[in-house]
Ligand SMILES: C[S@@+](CC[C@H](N)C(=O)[O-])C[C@H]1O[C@@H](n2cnc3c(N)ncnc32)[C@H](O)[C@@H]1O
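The chain below stands alone and is given as structure tokens, in the form predicted on its own.
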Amino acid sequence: MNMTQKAVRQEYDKIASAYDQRWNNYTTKTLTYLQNWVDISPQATVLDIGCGTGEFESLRLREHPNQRITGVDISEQMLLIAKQKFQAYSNVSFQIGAASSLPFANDSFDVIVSASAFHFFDDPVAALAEMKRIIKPDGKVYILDWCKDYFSCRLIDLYLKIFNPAHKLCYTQKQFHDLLTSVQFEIKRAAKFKIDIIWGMMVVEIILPQ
């Protein structure tokens, strides 16, 4: 595990017990937007990269209680909370792992989701390569993250680069799309939105070229 991964794990292990309460407004708004934006079949097998305490799973299962979802995260303490929430669901599981070396076989999932985690990835190209490896040929990937097109996010990005060793990089929408196409993902649709005066977000649906 490299230094960035260790920093991310340490930060989220430390705040895990207070995370849901502290970030409730942010996670509710961003994940509700994502849940309304995605096009996921109730029969699809879903992987949530950077799942944290399982809040996307909560939203998804309210509408589709039989959805098969696997969550992966680098923080053991966040995963402990997620596992407690869904111990009654045999169709939901959680595993520890980093985005750049995912513990799954090739062509394992119909859909991959990653929300508010991409700016932490120590090696975004490796993470995208892993997504390509484990997504089925006709699968879909949804990534939601901060967008540096918004001035407030530029300030946050600058602040975190100085003061938070867990933070890696925040992208403009163009930079992000250029990165996605450089690793041969095809952008199917994309959007930008603000959830409040601070947080500006972007979301994208990407697929493998047919």
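Since this is a predicted model, take the numbers as computed values, not measurements. Residue positions are given as counts along the sequence shown, with the first one as 1.
The next section is about a form of this same protein that is not shown, the form predicted in complex with the ligand.
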Problem - Per-stretch contact check against the ligand in the predicted complex, the hit in 103-111, 86-94, 71-79, 129-137 (non-hydrogen atom, 4.5 angstroms) - result: 71-79
Completion exercise
Answer key: of V46, I156, C51, C147, within 4.5 Å of the ligand in the predicted complex (heavy atoms) is C51
Problem - Site check T27, A115 and D122: each within 4.5 Å of the ligand in the predicted complex by heavy atom - result: yes
Exercise for the section: Spell out, yes or no, whether the shortest heavy atom distance between V141 and the ligand in the predicted complex is within 4.5 Å. Expected result: no
Handout entry: W199: touches the ligand in the predicted complex, heavy atom cutoff 4.5 angstroms
Key = no
Practice task
Give a yes or no for Y19: in the predicted complex, does one of its heavy atoms lie within 4.5 Å of a heavy atom belonging to the ligand?
Solution key: yes
Problem - Heavy atom of L31 within 4.5 Å of the ligand in the predicted complex - result: yes
Practice task
Would you mind checking 6-24 for residues with a heavy atom within 4.5 Å of the ligand in the predicted complex?
Solution key: V8, Y12, Y19
